[in-house]
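Encoded as structure tokens, the following chain is the form predicted alone, with no partner shown.
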Amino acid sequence: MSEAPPEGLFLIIEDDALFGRVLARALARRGHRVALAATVEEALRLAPELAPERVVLDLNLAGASGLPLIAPLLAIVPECRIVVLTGYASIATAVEAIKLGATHYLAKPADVDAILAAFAPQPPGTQAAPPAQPLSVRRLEWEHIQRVLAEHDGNISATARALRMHRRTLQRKLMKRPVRG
């Protein structure tokens, strides 16, 4: 016998229409109520009307960061919980998302079980288990570049100077997808 899903609404803010529909369908099949928004404007219009309990927020919305949307969403619905999803995970953006008020931060592809688990309340005093394997040197380099880039507000030239790296070398590194683990 399974438990009934918790009450409340999921608001999925995702500019990738296909991914948004697939995630919405998967949540709806589990009995959750779901609304979709493809833009920042649409999300801000729907939030007061729907008062979502849970928000799944894409980090990259049509080339712009979704992080600035966290504070207005929490101002509209202070009790909502926000999970940020991204295809370009980095420690710097994860820390920033949590500082801004997000509940959790997940790298894509994240399945529905992982997303639902991210919304689950954590008992006080629990800590995440350390990873089974440490990050590779290439992944550590990627994380460091992302942190320095965030510190310089996305300015490639300033980041390259701070890293003592040629600007074109940095651009080539940034064009690559992040290294897994």
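In this text, the rigid core denotes the largest set of C-alpha atoms whose superposition between the two forms falls within 1.5 Å. Because the structure is predicted, anything quoted here is derived from the model rather than measured. So that there is no doubt, residue numbering starts at 1 and follows the sequence shown.
This protein has a second form, the form predicted together with the DNA, left out of what is shown; the following refers to that one.
Participant: So the DNA isn't shown here. In the model of the complex, which residue out of Asn155, Ser136, Ser65, Thr39 has a non-hydrogen atom within 4.5 Å of it?
Facilitator: By the 4.5 Å heavy-atom cutoff, the listed residue in contact is Asn155.
Participant: Indicate whether the candidate residues His166, Gln171 and Met175 are all in contact with the DNA in the model of the complex, with contact defined as any heavy atom within 4.5 Å.
Facilitator: Verified in the model of the complex; spot residues all in contact, yes.
Participant: Name the stretch, out of 147 to 155, 111 to 119, 45 to 53, 23 to 31, where some heavy atom lies within 4.5 Å of the DNA in the model of the complex.
Facilitator: It is 147 to 155 that comes within 4.5 Å of the partner.
Participant: Is the C-alpha displacement of Val22 equal to or greater than 2 Å between this form and the one not shown once the rigid core has been superposed?
Facilitator: Result for Val22: no, shift under 2 Å.
Participant: Under a superposition restricted to the rigid core, does Thr39 display a Cα displacement of 2 angstroms or more between this form and the one not shown?
Facilitator: Not so; Thr39 is displaced by less than 2 Å.
Participant: Please determine whether the C-alpha atom of Val112 is displaced by 2 Å or more between this form and the one not shown following superposition on the rigid core.
Facilitator: Where the cores coincide, Val112 shows only a C-alpha shift between this form and the one not shown that is less than 2 Å.
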